[in-house]
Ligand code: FUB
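Presented as C-alpha cells, the chain that follows is alone, the form predicted alone.
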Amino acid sequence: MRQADHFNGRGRLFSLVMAFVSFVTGVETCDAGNPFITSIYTADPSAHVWADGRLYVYPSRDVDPARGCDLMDKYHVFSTDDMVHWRDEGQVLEATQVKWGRPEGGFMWAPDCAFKNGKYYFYFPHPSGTKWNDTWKIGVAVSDKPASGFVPADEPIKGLGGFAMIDPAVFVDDDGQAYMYFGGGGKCQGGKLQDNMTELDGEMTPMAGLEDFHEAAWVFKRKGIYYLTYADNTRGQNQLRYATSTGPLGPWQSKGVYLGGTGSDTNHGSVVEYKGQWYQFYHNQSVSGRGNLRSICVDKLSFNPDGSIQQVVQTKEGVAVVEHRTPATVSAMTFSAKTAVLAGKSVLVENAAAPGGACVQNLHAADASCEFRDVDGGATGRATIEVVYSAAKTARFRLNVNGVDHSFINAIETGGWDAFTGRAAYTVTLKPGKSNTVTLTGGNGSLNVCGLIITPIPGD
C-alpha cells in the first residue's frame, strides 16, 4: 500500500492510502432512536417480515432539495434483524424504469410489498400522464429477492387508478388469498388479486364503515380480527384511525384514532408483528422541520384484551433491541481523510479525536469537496457507503458516485466537532473492481469528515 506523499493543512492533493480490515458488523448502519433513518429523507413506511427472519421497510423517498411532493421518484429499502441496527438495502426502483409512467417522472408515492409463490411483488402509485392527479395508476415490480432485482411490468395493473387513488396496500390472508387496497380523496377501495399477484380477481369495491378516511390504507390480521388503518382529514396534522371487521373486505366498524398527529401535515403508517412484539411505523418531520422532507419512525403498539388498539406513544428513543444478535463478520474497505483528493476551500487538518488522526474541514464552502478514488466494488458491486463525520449541528452534503448524483445526504448533529460518531449510510451499486470514485461536495452546513467505510451487502 502507498503512503501519503505529504500531509499538511493547506495541501490539495493526497495520494491514496487503502486499508483492508474486518469489521464485526452485519452492515447495519443506523442506530436506534426516532427517526431511525436519518441519512436520507423517507416517508410512508410499509413494514413486512419475510422468511429470512428480517423485518423490511419499504418507504417512499423525499428528494432533497424538495420542491413539493412532485420530485419523489426513487425507492430505497431498509431492513433489520433486531429493531435497532438498520441496513440501507439500496435503491430498488425509480421513475425512469417505468415505461408507462408520466413523461416528466416524479410522483412515486407510498409503496407496499408482498410475498407469494416464491416472489416479491413491489406495488407503487405513479401517474401515467402530465395531469398527474387525474392519471394515477398502480404499478408492480417483481423480484426473487426482498430488496434487489425488481423488474417493473410493462403496464400498470388494469382496473386500478383514477383521480387521487394512491397508496396501494396488499394483505395476504392465512389461506393465501391476496387483497389489494388503495385510495385517496376520501375514497377507499379493496378487492381480490389473482394468484399471479399482478391482476385483479373481480371488481374493486368501496370499503364501507370507515370514518373520515383520507388516504394511507393498511390492513393486517390479529387473532381472527381484520384491522384497516388509515390517515384521516385532520387539517394540518392527519391522525391515524382504524376500523375492524370479521372479513378482509369489511364491512368495517370504525374504532377511532390510535395515533395522533406527528408534527407533519401528513400521516402514513403500517403495523407489523416481529419477534413477539407489535410495532407501529409512521413518519414525522423532526429532522428537517419541513413537511416535504420527512423521516420514518417506529414505536411499540399494544392491544387491549378485547382487541382494541391502545393509543400509540410517540417517542424520541424509539424501540429497544429484540433478542440477542450475533453480528456477521464481513470484509470492509476503509478510507481515511488522508486519502482524500481535496478541491475548493476544503482543507485537511490534524485532529487527534478523529480515527486516523485527521479530518477534512471547511466543507461548508460552496466549492469544497473531497474525493475518494480506487474504491473497490468487489465482484457484484452493491455496497454500503458510510461517511464518518462530526457535526455541531445538522448539515448535509451531496454524494456523487462515479459521476451519478444521489441527492443530499444528511449529517446529523453529533455533539461537537470532535465527536466523530456520525454515520451517514447510503447503499449504491458500484462497478466491479477498484475503479470507483466517491465524491462528497459541501456548501450546505458545516461538518468534518474523517473517512469512508465501504461494506458489501451480504448475499450479493
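Nothing here was measured: the structure is a model prediction, and the numbers come from that model. Don't overthink the numbering: it's just position in the shown sequence, from 1.
The protein also exists as the form predicted together with this ligand; that form is not presented, and the subsequent description refers to it.
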ask   = Using heavy atoms and a 4.5 Å limit, would one call S39 a contact residue for this ligand in the predicted bound form?
value = no
message = So in the predicted bound form, is this ligand close enough to M72 to count as touching (4.5 Å, heavy atoms)?
response = yes
query = Just to confirm, T427 within 4.5 Å of this ligand in the predicted bound form by heavy atoms?
reply = no
request  = Look up in the predicted bound form whether D112 has a non-hydrogen atom within 4.5 angstroms of this ligand, and give yes or no.
outcome  = no
ask   = Of the residues V360, M180, I296, A216, which one places a heavy atom within 4.5 Å of this ligand in the predicted bound form?
value = A216
query = Here the chain is shown alone; which of T266, S288, T80, S336 has a heavy atom within 4.5 Å of this ligand in the predicted bound form?
reply = T266
ask   = So which stretch, 102-110, 377-385, 361-369, 150-158, is the one near this ligand in the predicted bound form (non-hydrogen atoms, 4.5 Å)?
value = 102-110
ask   = Which residues, if any, of 374-388 lie within 4.5 Å of this ligand in the predicted bound form when only heavy atoms count?
value = none
